[in-house]
Structures are given as structure tokens and as C-alpha cells.
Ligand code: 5GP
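Only one chain is included here, represented as C-alpha cells and corresponding to the form predicted alone.
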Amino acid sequence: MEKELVLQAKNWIESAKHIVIIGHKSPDGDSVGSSLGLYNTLIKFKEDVQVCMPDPYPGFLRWMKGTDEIKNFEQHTSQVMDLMEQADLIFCLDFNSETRVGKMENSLREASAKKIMIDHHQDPSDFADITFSFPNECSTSQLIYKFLAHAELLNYLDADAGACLYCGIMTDTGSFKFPNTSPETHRIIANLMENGVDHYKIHELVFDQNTEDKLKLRSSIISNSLRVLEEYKTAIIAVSQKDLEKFNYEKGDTEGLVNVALSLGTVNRSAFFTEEDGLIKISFRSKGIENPVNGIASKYFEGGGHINAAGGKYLGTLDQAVQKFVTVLPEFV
């Protein structure tokens, strides 16, 4: 990170009266972890700091300190709009374009506040006043740690804030197994643990908290919805809203299933299609830089992301979305 930009950002933090931290639509572990990691640090010396999300976070992240303070646009529309309007500094974390905040986009565009983007996705847009964009970093949570270090603010980072950052790094590296996990990542994790972060408890809270309905849903999806296209070494999982409702679906219940499909030895890319409220949400995953999925996400499904992890959406039926994917897949194999 450029020292001059970090110092300018620090000056803005110190002079700001109303700070808002926002993450992307469908917040995940890194989005919530980086946002609350920064929030729990800044709130130590800034009176007015607020985290806003476009929609609710998944339940398996509820343990993080500060989740009760998050305002999401879907349920607190007027409050979020007022907070964005009153803010004089907005942190945009874990997204690289205003379009990634869903219905909050207009509020973000119209906000008069200075904007600081900290993100690790490719091809950032230039909407922010200060941009810290590092696509080779494993997570935005790792970038928040490095930002705080460069800004000489780590003394405000306690175990609660550290636990949020640990969760973001852990989830975005697949529990430290993805290629984007660097030696520096492990050094940062060691520092967090030395400062009171209980790594094993966080893993249990994220991955080992199940309900009977959740287990039955995941079992049903794998048994009935998994399809393998052997000629393309590709797995497809398509789940209808009816399937979700049958097992009392809660946000986060299908988290990670796209990676389960990718664990098949004959598969090097997978696509997970979910029907929710008339929109088809899609997660793409792949193995190796020779099997990118961000291209198909951006070109055909209004999305994008990393080389091996991307997302998109489709306006239409579940069958139409899957068929479109199958049709264009040969272009990317």
C-alpha cells in the first residue's frame, strides 16, 4: 500500500464525524469479517461508525461482535439511506464496483462522502477517492489488517476485531488451502492468535453449527441435484426455491456446496445455481489458473470475481440459466 495514500486515508478517518462501512450484496465471511474487523477497531476512537449491508448476512456469522449493529438496506431502507447521506467518509470493502451493492447503488453514487475502497477483486472501477486494490491478496480481511498496520492503528485491534478478520481470511482461503494463501497470510494469522484470537472456536462456529433441516437440505441437494458433465469436467448443482422451502432454508445453509462438487476427482470446475425470489444466483468455482471461471461469469451472467471463484445472476427460470451455462461452457473449456 502506498504510504501517502494510507496517511491520507488515516487523516480522513481522524477528521470524519460520520463513518459508514459497507460491503457487497449477499455478504459472505470476508465481507462481514473485514467490515466488522474495521468497525470494531475504529469504534475504539471514533464515536460514529456504522456498518451497512445491502441485505442480511448469513446466520453462521452471527457470533461476530457487532453483527447486531449492522443495518441492511433490505430491512432498514430509510435508515441506511439517511446514514449514507449523512456520512462524510465511506469505506467500500470487498467489492470493486458500485453495482455490487444491489439496491444501495444509488445511495452510494449520490453520497457526498469521501470514499475509500479496499478490495481484492480484479478489474476495479474508479468510483472511489482512494482505491486500495490488490487482486493477488487472499482476502479483503487480510488487506484490512495490512491497512491498519500501515496506518499505525493495530494497537486498537483487539481479539474481537481480530476474530472477525480471522474469519474473513479463513473463509476466503478455504481454511488456508487455496493457492492465494501466502506465507504472509500465516504470519498475520499467527499475530492474530498471539493477540487472543481462538482459531479453533471460529472454525467450529462457522463450519460445525448445523440444524437437522440444514443437513437434510444439503444431503437432498447432493443426492438429487448434482449433475456431472464428464466431457467438460464440470459439475452443476441447481436448486429451486421449492427445494429450499421444503427444508426451511435459512441464508447460509447451502454455503460451500459449490466446493463440495469441486472435490470430485473428475471435476475441475463447478457451478451452483439457486432460485431465490425470481432471480437465479450463480456461484462458480474451479481448480487451477488454466480453468478460469470469472470470464463466463462476466460475459454471460452479469457477474465476475476471481479466476477460480466468481459469481453471477440470471433473470429467467432455473432451467434456462442452467441451459445457457451448458450452451456457452465449451467456449471456456
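Don't overthink the numbering: it's just position in the shown sequence, from 1. Bear in mind the structure is a predicted one, so any value in this text is a computation, not a measurement.
The form predicted together with ligand 5GP is left out here; the points below concern that form.
Chemist: So, a 4.5 angstroms cut-off on heavy atom distances: do all three of H121, R285 and G305 pass it with respect to ligand 5GP in the predicted complex?
Modeler: Result yes, every residue of the spot touches ligand 5GP.
Chemist: Looking at heavy atoms inside 4.5 Å, which stretch does ligand 5GP contact in the predicted complex, given the options 295-303, 34-42, 261-269, 64-72?
Modeler: Going through the listed ranges, the match is 295-303.
Chemist: Although ligand 5GP is absent from this view, report whether A310 comes within 4.5 Å of it in the predicted complex, heavy atoms only.
Modeler: Yes - in the predicted complex, heavy atoms of A310 and ligand 5GP come within 4.5 Å of each other.
Chemist: Heavy atom to heavy atom, is K281 within 4.5 Å of ligand 5GP in the predicted complex?
Modeler: Yes - in the predicted complex, heavy atoms of K281 and ligand 5GP come within 4.5 Å of each other.
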